[in-house]
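Quick setup: one chain, the form predicted alone, written in C-alpha cells, and binding and motion questions come after.
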Amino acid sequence: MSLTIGFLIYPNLTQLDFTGPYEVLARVPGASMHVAAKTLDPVTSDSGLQILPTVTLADCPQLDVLVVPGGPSVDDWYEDAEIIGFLRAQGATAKYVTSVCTGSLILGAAGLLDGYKATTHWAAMDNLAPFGAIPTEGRVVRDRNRITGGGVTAGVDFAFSVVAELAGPEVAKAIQLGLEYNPEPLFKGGHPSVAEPELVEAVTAMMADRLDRRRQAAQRHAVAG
C-alpha cells in the first residue's frame, strides 16, 4: 500500500497539532510524508519551536491525506490566496481531508467543510457555522471523507482514527502499543464538560481577545463569501 500524507504548516501554528499526528501517521506502512509550507524556510510555532518544511505548497504532490493543524492565529490565513488555493486544489482530489484543533477553521475558510459535520477546539466551536460546517462535539468527528480532531491533544486520537481508516484497526493498535499510548491524565479537567466552572470561566477570559478576533474574522469571511 502506498499513501501520500501531507501536513500544511504556517507561522504560529500549535506544534503539537502537527507533531502528535505526524508521529502516528508516519508509522503507517507505505506512507510517504510531506510537510508543506509557502517556502522551505523554518516555520516557527506559537511556542517557539522551529519546523523545517520538506516541500513548498507549489511543489507538493497530490495527497491522499491532507492534514491541517491549528494555532492561535488561524484567522490570519482565511484570505491568504496561496494557502486557500493550495487547500482547495488538494481537497478536490484527496481521499481524506482532515484537521486538528482550529485547523478545521482554515479548511472551512477554503470551503471544504460546507455541509459537513466537524469539530475543533472547544473554545472555537461557534466559529465553524459561519463557514457552512455543522459544529459537532467530539474528540474525533468523521463525516464522509472529512475527519476532524478536537483541541490540540485530540490530534493523537485523531491520528489513530485515520490510521484505522487507512490501514485497519490491527495496524492502528500495533502503532498504539509501540508508542505506549495509554494515557492517564493527572487531572480530569481537559474539557468544559468535566472541568470546574470557575476554571472554564478563567481560561475563557484569558483567551477572550483571541476568541473575539477569530469570531469576527469568521463572520467577515462568511459575509464576503
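The model shown is predicted, which means the values in this text are computed figures rather than measured ones. From 1 onward, residues are counted along the sequence shown.
Heads up, the form predicted together with another copy of the chain isn't pictured, but that's what we're talking about next.
Contact annotation: S99 falls outside 4.5 Å of another copy of the chain in the predicted bound form, judged by heavy atom distances. Contact annotation: V55 falls outside 4.5 Å of another copy of the chain in the predicted bound form, judged by heavy atom distances.
In the predicted bound form, no heavy atom of V28 sits within 4.5 Å of another copy of the chain.
When contacts are judged by a 4.5 Å heavy atom cut-off, D64 does not count as touching another copy of the chain in the predicted bound form. In plain terms, the part of the chain that comes close to another copy of the chain in the predicted bound form, with a heavy atom within 4.5 Å, is 146-154 out of 127-135, 104-112, 146-154, 82-90. Looking at 7-41, the residues that come within 4.5 Å of another copy of the chain in the predicted bound form, counting any heavy atom, are T14, Q15, L16, F18, T19, G20, Y22, E23, A26, R27, V35.
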